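Let's start with one chain on its own, the form predicted alone, as structure tokens.
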């Protein structure tokens, strides 16, 4: 057995050192350590070794095995380093005409819209704020007037996370950017003009209007005397600036646990001009934003006296808005990675430049 081990060591050290590339080296590795490799087959012969020889054969087998593994690893590193050196010195020759073909990159359509949105609200004094993607049930639900067992939780298809140190159901992927509301109130107090634009996560069935990972934009405005009139102005200001001055906007009563009263902000479907199509669900309108007066309990949770201050929360999905702005019928295109489709969107319709949008007159907020 000792002679057989020594012969395997001698033969395979020579093979390893002469391996010209990684493919051959991998083949040698499998010959040695694969399921039917030489090393595994040899270990099956150990029961046949006389008892007096086993104290010598066992350590020798382990030493040779480790040595061969180490030599293979060193050889693999050497081959890779040699390949990197060749790449550094190698000259690439392009086919005629290739140098003349220039490709110019551009921002993703949703990124353009987000930058435009940030610029629009910066003009009104709003500052950007961020909150965690992975958050607690407390900030995502409880502090927003949605306690455990509240039926409104059924409105969010929540993705929960099991993690050491947290009870089941206490840690989750945030379902909305509203987990920033109470945080921003506690950190900055009043008056408050905060905006957040970032990703949210929901367990959704994918279709032309729904994704499991989505962008969301939200503002929180808290001050003395804030009312639904401010909400109406902000809705008109934003939607007309992004979609055009002729955009039709409507507000209708809607329930959200963290606002009272609540409102849904709709824009007339630009695909069918209000006649009804698959994008708008045959209603002629697309719900573009959710909004309302911040609930007094949420203000209290943020450390703000609701008898002295009032506030509004207003938010929308940038991807839904981009569908209207760029004439897209399927929301899944934005995260598809299809460069051809994204380039067509870029060429189809140029985003409105915020510099061309008229400044708001007076202190409208």
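As the structure is a computational prediction, the values presented were derived from the model and not from experiment. Numbering follows the first chain given and starts at 1.
The same protein also exists as the form predicted together with a small molecule; that form is not shown, yet it is the one meant from here on.
Checked against the small molecule in the model of the complex, the candidates 129, 141, 258, 221 yield a single residue with a heavy atom inside 4.5 Å, and that residue is 258. Of the listed positions (192, 110, 195, 291), a single one reaches within 4.5 angstroms of the small molecule by any non-hydrogen atom in the model of the complex, namely 291. Shown alone here, residue 323 lies farther than 4.5 Å from the small molecule in the model of the complex, counting heavy atoms only. With a 4.5 Å cutoff on heavy atoms, residue 313 counts as touching the small molecule in the model of the complex. Shown alone here, residue 174 lies farther than 4.5 Å from the small molecule in the model of the complex, counting heavy atoms only.
Put simply, residue 202 is close to the small molecule in the model of the complex: some heavy atom of it is within 4.5 Å.
The chain is drawn here without the small molecule; in the model of the complex, the stretch among 110-118, 184-192, 233-241, 258-266 whose residues come within 4.5 Å of it by any heavy atom is 258-266.
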